[in-house]
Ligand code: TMP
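In the block that follows, a single chain appears as structure tokens, in the form predicted alone.
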């Protein structure tokens, strides 16, 4: 595949969606062919799965059922959108990918879903494919949750199922993302998200330029 797959990860309210949009704009200015997508919800079927996963009561399904739905969404996402775009030489920027499943379902739930279960699901669904680069936006939990609830206030349908899990869950989630970054330092770059949008964007652009020779 001749394209590049870049993923944006982090806890609630960390600013990854904003940074993804800014990077897309930057790359298009550099005459790159770019698509932006997200998980869950990057496909038509994925939007239906997203509704189930991010709205409603936090306890409406157990962690294993949740993980299975995320991987169902991911398989459809890979086969219908990500792989075809990469084969066409496009940049694919995804708001969340498999690191989020590990961070939420393994670390956030305090290991209620065994890691080998998630690894096996990844192998069946995605195989040996991995992102070319993953940005992990690190932010204080209280700040992130406040941002996320403020954003949700303007939504008709409140996507706050995960926000409602409480501070302890989100502290574990934050540490989970940092642990993932430690395990794969060549793929993952941790950025301090407690700064201005423009300053954080410049951090992202610098790394993209260094990694992929975009100038």
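If you're wondering where the values come from, they're calculated on a predicted model, not measured in any experiment. Residue numbers count along the first chain shown, from 1.
Separately, the form predicted together with thymidine-5'-phosphate exists; it is not shown, and the next lines address it.
- Partner contact region in the predicted bound form: 68 to 76, out of 68 to 76, 85 to 93, 138 to 146, 124 to 132, criterion any non-hydrogen atom within 4.5 Å of thymidine-5'-phosphate.
- Taking the partner from elsewhere, residue 40 is found to have a heavy atom lying within 4.5 Å of thymidine-5'-phosphate in the predicted bound form.
- For residue 54, a non-hydrogen atom is located within 4.5 Å of thymidine-5'-phosphate in the predicted bound form, even though that partner is not displayed.
- Residue 107 falls outside the set of residues with a heavy atom inside 4.5 Å of thymidine-5'-phosphate in the predicted bound form.
- Residues of 6 to 20 that come within 4.5 Å of thymidine-5'-phosphate in the predicted bound form, judged by any heavy atom, are 12, 16 in sequence order.
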